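Quick setup: one chain, the form predicted on its own, written in structure tokens, and binding and motion questions come after.
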Amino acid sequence: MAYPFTDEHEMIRMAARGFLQDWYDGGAGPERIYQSGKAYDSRAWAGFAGELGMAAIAIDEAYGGASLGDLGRVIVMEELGASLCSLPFLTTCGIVADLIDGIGTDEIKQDVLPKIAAGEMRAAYLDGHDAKDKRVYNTVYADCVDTIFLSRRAGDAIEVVSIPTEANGLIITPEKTMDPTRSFCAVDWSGVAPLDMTVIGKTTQIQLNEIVMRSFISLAAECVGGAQKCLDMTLEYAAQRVQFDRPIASFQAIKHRCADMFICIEAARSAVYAAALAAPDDKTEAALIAKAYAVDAYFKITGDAIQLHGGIGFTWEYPLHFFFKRARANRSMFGSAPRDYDRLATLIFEDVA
């Protein structure tokens, strides 16, 4: 498949890569995130989302965006995955922006989307329509945003409301997870007064699922970017590491493992790009395929990379373990890969029936 990357796409890729490389080389990488205990960099968000304009990539031009859609967002997520830069781009510029665009009124769109495009709003999404005690665990980036968007049941429909994170009665508790480079929190909104909630719009369960699953493409792209970085690190190490008076990259067994890693990444990348370019009616199915394959591929590749690095791959000082932990955490985000395959089978069965 030929992907329609334009010069504009490539400029965005290089701009994002340059910024994130400077961020990493400047000592703000995953090691510092772990040491500080803060899985969010406000200065990086201001520069990346606001000054560089990355938050506007997929938003319509009518609301101050660049109108580059899923393909533009995929490019940014690949670079974020390669750097492990912990920014609420996925939730703010993916799920929430798509929610507003899909079910918000014109007034809501005019108010919220330009703020997201300018990098002035950071948002998290909370799926609360099945929460009996008004508490949800493992919410991504809830402690480093200014607004939480909550979906909840309203009769036969699903209602989406926004809650400022400074609202009285909202309790956000950081959680310790395997991945120290990404923030996860428990959110309790049982004490929030109705006056502190702004209704964004109402939708059906089917439409909500389609909007949220569209963000699976971005998560899969992050996996591809991280996996590619692990392969690049492995190739560089194998070319330098000498055993029996020759680089280990010359050993046939090493070549085979690296070739298998490359093939796995390219398959995941193809699934991601195909999902980004899929027609609206095929978007959900393609997104499920991309996520289910990419998260497993990422986890496998990080494990292979650690093995091919030998002893240094297991050390705390070497950054590979951060990619391994991100890959393991991604396997559980928005549901596991087996659950995604079950969803996919249901969709296919419904189409056939």
Partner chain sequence: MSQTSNLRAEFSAWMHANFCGEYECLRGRATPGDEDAFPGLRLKWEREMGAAGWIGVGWPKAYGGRDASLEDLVSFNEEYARHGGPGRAGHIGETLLAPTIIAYGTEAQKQKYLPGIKAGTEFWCQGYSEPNAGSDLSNIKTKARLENGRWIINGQKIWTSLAMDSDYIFVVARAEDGSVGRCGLVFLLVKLDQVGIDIRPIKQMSGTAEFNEVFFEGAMCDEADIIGGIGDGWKIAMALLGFERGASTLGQQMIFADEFRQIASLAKRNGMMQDPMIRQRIAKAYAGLKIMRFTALRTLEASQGGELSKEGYMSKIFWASWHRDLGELAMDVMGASAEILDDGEYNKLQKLFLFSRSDTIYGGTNQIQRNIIAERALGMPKEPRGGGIVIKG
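Residue numbers count along the first chain shown, from 1. None of the values given here were measured: they were computed from a predicted structure.
Although not depicted, the form predicted in complex with the partner chain is the subject of the following passage.
Of T177, Q207, T198, T105, the one that lies within 4.5 Å of the partner chain in the predicted complex (heavy atoms)
It is T177.
Considering the partner chain in the predicted complex, find the one stretch among 234-242, 107-115, 121-129, 199-207 with heavy atoms no farther than 4.5 Å from it.
Of the options, only 234-242 has residues within 4.5 Å of the partner.
Assess the spot marked by W23, I59 and D133: is the partner chain within 4.5 Å of a heavy atom from every one of these residues in the predicted complex?
No.
Taking any heavy atom pair closer than or equal to 4.5 Å as contact, tell me whether F184 reaches the partner chain in the predicted complex.
Taking the distances in the predicted complex, the answer for F184 is yes, it comes within 4.5 Å of the partner chain.
Any non-hydrogen atom of R269 within 4.5 angstroms of the partner chain in the predicted complex:
Heavy-atom contact with the partner chain at 4.5 Å: present for R269.
In the predicted complex, Y273 touching the partner chain (heavy atom, 4.5 Å):
Yes - in the predicted complex, heavy atoms of Y273 and the partner chain come within 4.5 Å of each other.
Residue-level contact is defined here as any heavy atom of the residue lying within 4.5 Å of the partner chain in the predicted complex; does L277 satisfy this criterion?
Yes, L277 lies within 4.5 Å of the partner chain in the predicted complex.
Residue by residue through 315-329, which ones have a non-hydrogen atom no more than 4.5 angstroms from the partner chain in the predicted complex?
If the 4.5 Å heavy-atom criterion is applied to the partner chain in the predicted complex, 315-329 yields T315, W316, E317, H321, F324, K325, R328, A329.
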